[in-house]
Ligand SMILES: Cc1cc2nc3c(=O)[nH]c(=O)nc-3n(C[C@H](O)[C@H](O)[C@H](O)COP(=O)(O)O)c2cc1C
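This document starts with one chain, in the form predicted on its own, laid out as structure tokens.
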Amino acid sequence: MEDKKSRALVIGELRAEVPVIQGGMGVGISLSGLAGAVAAQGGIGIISTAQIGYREADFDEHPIETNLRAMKQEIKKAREIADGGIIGVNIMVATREYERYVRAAIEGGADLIISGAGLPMKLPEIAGEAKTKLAPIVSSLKSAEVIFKYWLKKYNRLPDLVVIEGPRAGGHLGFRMEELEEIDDAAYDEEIKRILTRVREYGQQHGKEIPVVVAGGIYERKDMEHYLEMGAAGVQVATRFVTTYECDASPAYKQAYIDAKKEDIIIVKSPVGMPGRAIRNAFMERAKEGQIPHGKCHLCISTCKPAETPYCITEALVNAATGNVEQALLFCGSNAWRAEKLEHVKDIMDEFR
């Protein structure tokens, strides 16, 4: 076993003593409470910016402005909890007005921006000279190559961190539906090894240390050890943190994880055109039968067509966060069914320490 010092996740001048990034979970699942608690325990806490302003009075009228304001507030609150720890944000590339979210995160003082749900090709341009670290999410060697080559050619810059998100992750996924239905863990491990090797080569060629963390299906310490032995610098964990006292989700959302059985975890087609993983419930059954009426568009994802969408994903995810779980889209990772009780963030971090 390596000593704790050597296991730290180092991203430039940032240092997390526990090599665990808490994955961003929107809408309203990973806000300042969870992110701050993870950061305070030596990990990296991540706030999801997806519809982060949903609790504000003017959200219906001015969703984007509300989200930008709420993001800065949540970063500030997380810092107060974090006790000097690292706080980042997750911003989906598919977010409408993506550039404004990136700028607001930097203005709010985020240490790190993790960005997926599309390839963050223009992220370095938007970030400019900001000290905020930039981390693309990739699911394949091909996507990693595209980002690295473009960032080098266009901006003479490499990522500060790479997140490899595998097919067992929760929420929107960077895989085709058929790939998710027949997951071959051993085959995907080989893809992870290829990405790790290529990132290391880029780093050596340009004199930059680029840590890689693996996400998707990581639930306990042995999962982390598996990827550290493969050469990863750390892991990203999301689902395990949902059923914590500190998680920002409603008690009913957490209970849905605790109550879920393995067969309840299903692959769904999101109304924004991406496959995702969620818990089967009454809402998902209704969604199969036809369009579910929805209210005013909240300008979430650029690929959404409000007139054609089978249901409003913002409404469905806000219902999840606020506890109306039978009228909600309950995103989760493949291991959500393993949750049996509420835990404290400290106990989870001690396990991974």
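Numbers for residues come from their place in the sequence shown, where the first is 1. Keep in mind that what you see is a predicted model, and the values were worked out from it rather than measured.
The form predicted in complex with the named molecule is left out here; the points below concern that form.
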Do Val162 and the named molecule share at least one heavy atom pair within 4.5 Å in the model of the complex? no
Exercise: Val20 in contact with the named molecule in the model of the complex, heavy atom 4.5 Å: no
Ala238 within 4.5 Å of the named molecule in the model of the complex, heavy atoms: yes
Gly217 near the named molecule in the model of the complex, any heavy atom under 4.5 Å? yes
Honest question, do Lys133, Pro211 and Phe352 all end up within 4.5 Å of the named molecule in the model of the complex by heavy atom distance? no
Among Gly234, Gly170, Gly88, Pro120, just one has a heavy atom within 4.5 Å of the named molecule in the model of the complex, namely Gly170
Would you mind picking out the stretch of 324-332, 281-289, 64-72, 37-45 that comes within 4.5 angstroms of the named molecule in the model of the complex, counting non-hydrogen atoms? 324-332
Using a 4.5 Å heavy atom cutoff, which residues in 118-149 contact the named molecule in the model of the complex? It's fine if the answer is none. Ile137
